[in-house]
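A single chain, nothing else alongside it, follows as structure tokens in the form predicted on its own.
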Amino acid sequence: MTAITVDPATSAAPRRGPVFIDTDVHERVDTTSLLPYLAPVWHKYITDYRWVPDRVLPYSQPTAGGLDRLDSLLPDGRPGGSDLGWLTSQLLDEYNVEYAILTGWLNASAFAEGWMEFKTALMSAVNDYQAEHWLEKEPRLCGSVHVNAWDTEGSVREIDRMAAHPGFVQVMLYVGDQPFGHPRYHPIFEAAARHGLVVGIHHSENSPVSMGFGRYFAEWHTLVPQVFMSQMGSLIFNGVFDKYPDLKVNMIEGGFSYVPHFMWHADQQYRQLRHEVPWVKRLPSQIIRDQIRFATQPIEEFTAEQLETLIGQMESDELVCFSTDYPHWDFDSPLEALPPDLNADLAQKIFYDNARALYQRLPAATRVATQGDRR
């Protein structure tokens, strides 16, 4: 792989803006680059069998750069997020990023069950590549432990292995068509909580909404919040949060405007039907406030009044963490995502404080986080 070198002398000067923590940045690696991190027995799956990630979504993303911002595509044709220098220039140096949490894109949790041992080994290779090529070269980047959730025992071993590396701050689960509240997945949550790792839950192109996949990408993409509501319902009513009271979960790339509705409706159902789930000891809304957080992207174009009202309906200003979703086409710039006249204390919480409180394994603060000028 050829690295892209960005000349600081010709790069744009860093923009003004708040110091912030970005909770969703997608780095990329092609499968052939993982060969040095895989035992030889697995090489033929990539070199001979030409394995590629399972893909269910029946359409491509209808934008100028496909999945990514057009300007994030590299001169050598690689997709956005493939090169450290490029990512550093376009995100970390362009904005006041204290830490960015890598969430990847190649995650076996979203793939169909099959070739189990290979996919478990593949996730280990992703983690080793991530540590060497990203985390150990750029201290502003923090990692996610990728696991093959279909292989629960293998997932726990991988979490235990990678938790020894201080650069990893969460375990990453991409959603396929399975609800993670099922007891088969509980050991994964136990391991994450034991190591103080957040569990990041992210939708994938294999995540169906309530009626499957519509005729158009816009239909499916509009309804992605359903994926997160389904996962929250599964985790809450299957007792995951009561079983692991130290567990923290971040719902990533689904927005957060649906949260008050889910809180109200789940609380009503709990009051009426709690006898069915006696292991759930708190109102769902309280479980959410205690143990679940939400990454902002893709954030709607709120006025300050609308956003402050929405946060008030959640009855907590600690639930929302900022994310850009770099390098995807619907990237949210920290200079434009929040209303410029938003209450400064709330903006501070969203841009910085909430993520720092959530990710306990983040390194120490490197500078004073202040609002600055978001214009």
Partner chain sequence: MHADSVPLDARPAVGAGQAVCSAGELRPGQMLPVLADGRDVVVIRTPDGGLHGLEDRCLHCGRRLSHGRLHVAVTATDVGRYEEEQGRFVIKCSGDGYEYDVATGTTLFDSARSVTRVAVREADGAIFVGAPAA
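Numbering follows the first chain given and starts at 1. Computed from a predicted structure; not experimentally measured.
The next section is about a form of this same protein that is not shown, the form predicted together with its partner chain.
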Kindly confirm or deny that Tyr270, Arg274 and Leu283 each have some heavy atom within 4.5 angstroms of its partner chain in the model of the complex. yes
Which one of Gly239, Gly85, Gly196, Pro179 is close to its partner chain in the model of the complex, taking close to mean a heavy atom within 4.5 Å? Gly239
Can you work out which of His165, His186, Arg157, Lys137 has a heavy atom no more than 4.5 Å from its partner chain in the model of the complex? His186
Which is the contacting stretch out of 166 to 174, 262 to 270, 108 to 116, 141 to 149, given heavy atoms within 4.5 Å of its partner chain in the model of the complex? 262 to 270
Touches its partner chain in the model of the complex: Pro75 (any heavy atom, 4.5 Å): no
Using the partner position in the model of the complex, report whether Pro278 sits within 4.5 Å of its partner chain, counting heavy atoms only. yes
Heavy atom of Lys243 within 4.5 Å of its partner chain in the model of the complex: yes
